[in-house]
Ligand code: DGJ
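For reference, the chain that follows is the form predicted alone, supplied as structure tokens.
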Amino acid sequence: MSIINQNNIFIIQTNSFHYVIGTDKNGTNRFFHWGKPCLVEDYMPEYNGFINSNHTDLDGICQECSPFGLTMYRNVDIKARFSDGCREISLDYNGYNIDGNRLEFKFKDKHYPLEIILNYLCYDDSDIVTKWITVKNSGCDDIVFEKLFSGEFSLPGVKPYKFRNTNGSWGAEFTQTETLLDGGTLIYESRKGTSSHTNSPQFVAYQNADEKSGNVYFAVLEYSGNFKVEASRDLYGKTRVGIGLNDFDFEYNLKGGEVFDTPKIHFGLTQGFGEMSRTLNRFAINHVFPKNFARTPLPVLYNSWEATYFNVSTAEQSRLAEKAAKVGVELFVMDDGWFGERNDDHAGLGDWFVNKEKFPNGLDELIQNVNNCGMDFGIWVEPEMVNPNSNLYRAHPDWTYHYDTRTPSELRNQLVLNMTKPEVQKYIYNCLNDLLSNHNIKYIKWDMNRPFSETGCENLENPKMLWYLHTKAVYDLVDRLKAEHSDVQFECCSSGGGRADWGAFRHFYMIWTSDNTHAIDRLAIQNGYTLTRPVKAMRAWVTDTEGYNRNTPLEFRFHVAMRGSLSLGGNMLKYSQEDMELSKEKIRFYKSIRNIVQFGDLYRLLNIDKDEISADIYVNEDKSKAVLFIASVNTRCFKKSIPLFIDGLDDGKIYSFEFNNQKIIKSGAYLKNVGIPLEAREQFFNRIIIIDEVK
């Protein structure tokens, strides 16, 4: 991939598209093209000229970064307040720098010591482009930013676009929505302090697209806090999208000499939603996940929460560990209840010392028992939170976000620690570093179970900076701990999927998808997750929880969870011998296909909501082997006898597999275009089919 400069027109080239930006005769940053490659010499600035006194030329042009001020009346990306009270930005072109696959596109304010750099990065092995904005204060006085997005996009043509995002909730994360934007402004956002269970920090825009075809324009934001996506369509039919830090209750003080980089955006253009998902999955593995485990398969995990809840002890956890080891689990994780005076969710958060009543001989006795079973040991923590009933809160009530004149709002009987305070960061780091240094722990589940409230922080000169600084503190703490303990894996959890975003993927190794582990619901949750998120990071549990929906067979639960990073969470002490044997066989089988699922290409063939059947196929890199998952809860009127078109294989290769007690040998072209007959008539129909190339 490369970046070419043609008279201050910059062509960012990938294998499949050109992204073209530059300046016009006024030195204004401009966007020109996002689409199929053209000749380099084709690109040149277009001039709108004056429109009228109510619709100005600045309103009409397409830009990469639209600053507030002058005669700009549409949505903007950057808004600042200078020390003399001026609240608009006026930029001049200030040169560029190309270093390999990176472009710095530079601007400076006409009067104030503000420099803005638009950064672009392309990749030799990916059709993804990354962009972000750098702001520099080269003066002495503060510059206060009231809005600071990471970038703007202009979509080609004048016809309305549909936008796909999520409108989920706790227990129903990644519920997909489709909205036609034919005028006005469409907003997706979070105001809770995390990226949240509701909207996603992304945009997916299209006009006539499906899984296999049609232009899909997409971008994901690498950030886990309050975000905002603003998509608007004006009277001329131009659709623009801005994405970045939410300007809700936001400001950022940039002091003299300081530099600030906005969160990165990763964007691209593919044919169909399926290729978008596969492109992002490969990109995460190659360029986003922490390097030391990016290409390592995630272990099969057992978590004790559902079996014991807060009632943990060495004896009980050891019995569970023995059971888990017998079925092939590789990592045993003790969840909540091991610390402080923690017998329920009313007390103990913040007191990260071992409960001596539950573990009179300390943690090492249990850890040794787990290790003797041939498994690594992991543990649950919730470092950003504190219970009012805790030693930490009694000693430091001022360590929470609070107002002295307001009564704190407790959610799950807990408050949010003020992570912008250095002393809070130091306390958390020391607690976790000591835990990891003194015990053979190979995994941390980092949870965060409530949004912010009473956002007072007397330590900050500008308290509106807390939203960003809190998220940055989490990243910094995790990165410090990873650097000190490079053999420890970190999972990101936020009351389920409340932080399942690309910022989490940059700093953590995996995410907790949802507290809803019911297999029927998970078919939809996991389908929505995989649209823009990497399969490898998707933890999927087999549990006994059946309260959200109807009871499902254990095999069905395993087959749904095998579509991600398989984990177990049921009470294995109550498993029958038949359940244990089934679990052992399923885990053994999953290990044989794990590399294909976690590192392969996913093709979504059928959607449970639209087709009554769910079908996903995972294909390895050279298309010599694939794993096909088929599941249905039940189908109506005995009508589901259909051809299943199997995509993702090599048209010219011959494949062999067993299906419905028949051996099928067909070409990839035949399987894609003719398909195989599928009957899914019984309740909880599920099949896993291994497809091999015939050598």
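No experiment lies behind these values; they were computed from the predicted model shown. Residue indices: 1-based, along the sequence shown.
The form predicted in complex with the ligand exists for this protein as well; it is not shown, and the discussion that follows is about that form.
Trainee: Does each of T166, T198 and D501 have at least one heavy atom within 4.5 Å of the ligand in the predicted complex?
Mentor: None of them does, since no heavy atom lies within 4.5 Å of the partner.
Trainee: Taking any heavy atom pair closer than or equal to 4.5 Å as contact, tell me whether G496 reaches the ligand in the predicted complex.
Mentor: Heavy-atom contact with the ligand at 4.5 Å: present for G496.
Trainee: In the predicted complex, does D336 have a heavy atom within 4.5 Å of the ligand?
Mentor: Although the ligand is absent here, D336 would touch it in the predicted complex, with heavy atoms inside 4.5 Å.
Trainee: Hey, in the predicted complex, is K445 touching the ligand, heavy atoms inside 4.5 Å?
Mentor: Output for K445 is yes: heavy atoms within 4.5 Å of the ligand.
Trainee: Though only this chain appears here, would D515 touch the ligand in the predicted complex if you measure heavy atom gaps against 4.5 Å?
Mentor: Flag for D515 set to yes.
Trainee: With the partner removed from view, which of 488 to 496, 176 to 184, 610 to 618, 323 to 331 is the stretch that lies within 4.5 Å of the ligand in the predicted complex, judged by heavy atom distances?
Mentor: Stretch 488 to 496 is the one.
Trainee: Ok, K159, H439, R412, K591: which has a heavy atom sitting within 4.5 Å of the ligand in the predicted complex?
Mentor: So the residue touching the ligand in the predicted complex, by this definition, is R412.
Trainee: Here the chain is shown alone; which of N449, S154, S126, Q598 has a heavy atom within 4.5 Å of the ligand in the predicted complex?
Mentor: So the residue touching the ligand in the predicted complex, by this definition, is N449.
Trainee: Determine the residues of 360 to 385 with a heavy atom within 4.5 Å of the ligand in the predicted complex and present them in sequence order; the list may be empty.
Mentor: Stretch hits: a single one, W380.
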